[in-house]
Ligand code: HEC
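Only one chain is shown below, in C-alpha cells, and it's the form predicted alone.
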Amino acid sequence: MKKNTPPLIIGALFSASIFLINLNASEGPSDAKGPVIFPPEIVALPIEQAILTSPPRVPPPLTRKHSARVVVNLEVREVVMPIADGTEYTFWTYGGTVPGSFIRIREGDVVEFTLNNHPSSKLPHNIDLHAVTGPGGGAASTFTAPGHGSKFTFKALNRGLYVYHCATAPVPMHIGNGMYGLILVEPPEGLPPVDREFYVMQGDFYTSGRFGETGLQTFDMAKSIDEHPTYVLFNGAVGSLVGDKALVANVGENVRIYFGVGGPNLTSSFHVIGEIFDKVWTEGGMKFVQEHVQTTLVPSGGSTIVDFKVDVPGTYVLVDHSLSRAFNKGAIGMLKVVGDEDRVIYSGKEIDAVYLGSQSEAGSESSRREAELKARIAAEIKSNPTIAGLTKEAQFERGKQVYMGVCFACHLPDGKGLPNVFPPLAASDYMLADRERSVRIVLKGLSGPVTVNGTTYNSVMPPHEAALTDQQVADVLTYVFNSWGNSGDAFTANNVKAIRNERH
C-alpha cells in the first residue's frame, strides 16, 4: 500500500478485510436459490400469517390441531430510544422493540420467514433462530442490506422456547445493541393453559457513559470485551416493567413468563421475590418439568418457561438474583397482583418502598416531575434566558432520584437517619457547615466518629466515586441541601470534578 493512501481508504480496506475474515457459514451473503418447491403434502397445508407481539405481550395460544404453513415477516429497524431517564441509545431491533417481536408457532409447521431491513438502517443484519435446523440457524440465508429483504423456509422440528439473535459481525455488538428475541415452538398438544402470559428478556448493555449518565450514549466495545456492562436490563430499558408499565394479574390466576437472555455475555439468575415457580421448563426444553423452584439459571442465548399461581395481592419484584445487576444496573421489574387478601397465607404489607430504591413510587413521581420541569425549561428558554430557578428545580428532582436509589436506605426518606447509627441530613450542622467536605464525603466516603447536632455517630459511609458521575453527585447534594428545611445553592458538576481530582 502506498504511504500516502488516504485514511478513509485505509479504513474502508480494513473494514472489508474484517468482513472477509468474519464471513463464514453462520453469516454473510449467500446466492439466492429461488423459491423452494414444496411436496404435495406441504402445498396442501393451510397458510396463516403469524401474529407477532411486542414485549411484554405474547401472541395467543395456538388452538389448531394440525400443522400449517406459517408466514413470518420481521423488520429490522435501527432506532433511538430511551435506555434510562434522560439517556438515549441507538438500538438495533427486530420489530422496533428490545427484545424483538415474540414469534409463536407449532411443532411440525413449515415457516416461510422473511427478514426486511428498513431503508433507514446504516448496516446489514441477519437472524439466527435457535429453533432452526440448518446452517447458522438461518443466518446464512438472511444476510440483508438496508432497503432489502431476504426469505428462507424452515420446518419446526423441535418443540421448545428458543432465542433468536443477529449473527452479523461483530456479533457481540449486534446483540449488545438489542438484536435478540424469542420464538416459541409449541408441542402439537399445546402447553397447559394459564390465565396470563408475559414476555421478558434480559440483556447486558455497554455504553460509553456511566449508568444514568444523560444524553445519547454509544456502544463501548472495550467494555463488552471485558464483560463489564453499564446496564443489565429487562426488556431493554431501566424501568421498562415498573410503575404503570408493570405486569398485572389478579389473585388466584396462573401466570406464565417466557423468559430469555439475549446476552451477549451474562447469565441470569431469574427470580420473582415473594413467589415460588410451580413449574419450570428448564433451558426452554419441553421434556422435563421441574417443580417448586425458587431461582432458575438461564444462560446467555438461553431461555426458560416459568408458571406460578398468585395467591395474595401485592407487588412482586422480578430480578436477576445477582442483585447488584438488579439494584444498580437496572435488571428489575414488577408484577402487580390485585384482589382480596388471604392473611392466613400472608399477613404482612406490600413490599417496603425502600427496597425498590429509585423504582419506588416516590422515585417514579420524581422522574415524572423532572420531565415536567424539563418541558417548562425548554419553553422558558425560548422567551426568557433567565432560567436558573427552573434549572435548580430540575437538578433537585434528578438528585431526588439518585437519593432514592443510593442514600435513603440509611438516611431515610425524611433525612432523619437512624438514631445512634446513621446521622441525620435534615438540619445537619455538620453537613451544612462545609459544602466541599460534603462533596468529599460522597466521593471518598467517611468512617470514624463524627458529631452531628450534638450527638456522636461512629459508622461508615461508603465511597461513591466509582458509582456516581460528577453531575449525579452535584444533583444529589443539591437535593439534600434543599430538603427537609435545609436551604442552599445548587452544586455544579465542576465543583465536584475539582474535588474528585484533588491530589493528596
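C-alpha atoms forming the largest set that superposes within 1.5 Å between two forms make up the rigid core. Remember, it's a predicted structure, so these values are computed and weren't measured experimentally. Residue indices: 1-based, along the sequence shown.
Below: the form predicted together with this ligand, not depicted.
For the residues 132, 84, 261, 431, the 4.5 Å heavy atom test against this ligand in the predicted bound form is passed only by 431.
When this ligand is considered in the predicted bound form, only one residue from 67, 469, 53, 459 comes within 4.5 Å through any heavy atom, namely 459. A residue is said to contact a partner when one of its heavy atoms sits within 4.5 Å of a partner heavy atom; residue 45 fails this definition for this ligand in the predicted bound form, lying far away.
Shown alone here, residue 421 lies within 4.5 Å of this ligand in the predicted bound form, counting heavy atoms only. Contact annotation for residue 58: none of its heavy atoms lies within 4.5 Å of this ligand in the predicted bound form. Contact annotation for residue 464: at least one heavy atom lies within 4.5 Å of this ligand in the predicted bound form. With the partner omitted here, the stretch from 32 to 40, 59 to 67, 45 to 53, 442 to 450 that lies within 4.5 Å of this ligand by heavy atoms in the predicted bound form is 442 to 450. By the 4.5 Å heavy atom rule, the three marked residues 104, 110 and 156 all fail to count as contacting this ligand in the predicted bound form. Residues of 473 to 495 lying near this ligand in the predicted bound form, listed in sequence order, are 476, 477, 480, the criterion being any heavy atom within 4.5 Å.
With the core held fixed between this form and the one not shown, residue 410 has its Cα displaced by at least 2 Å. Positional change of residue 67 between this form and the one not shown stays under 2 Å at the C-alpha, relative to the superposed core. Residue displacement note: residue 399 has its CA displaced by at least 2 Å between this form and the one not shown (rigid core superposed).
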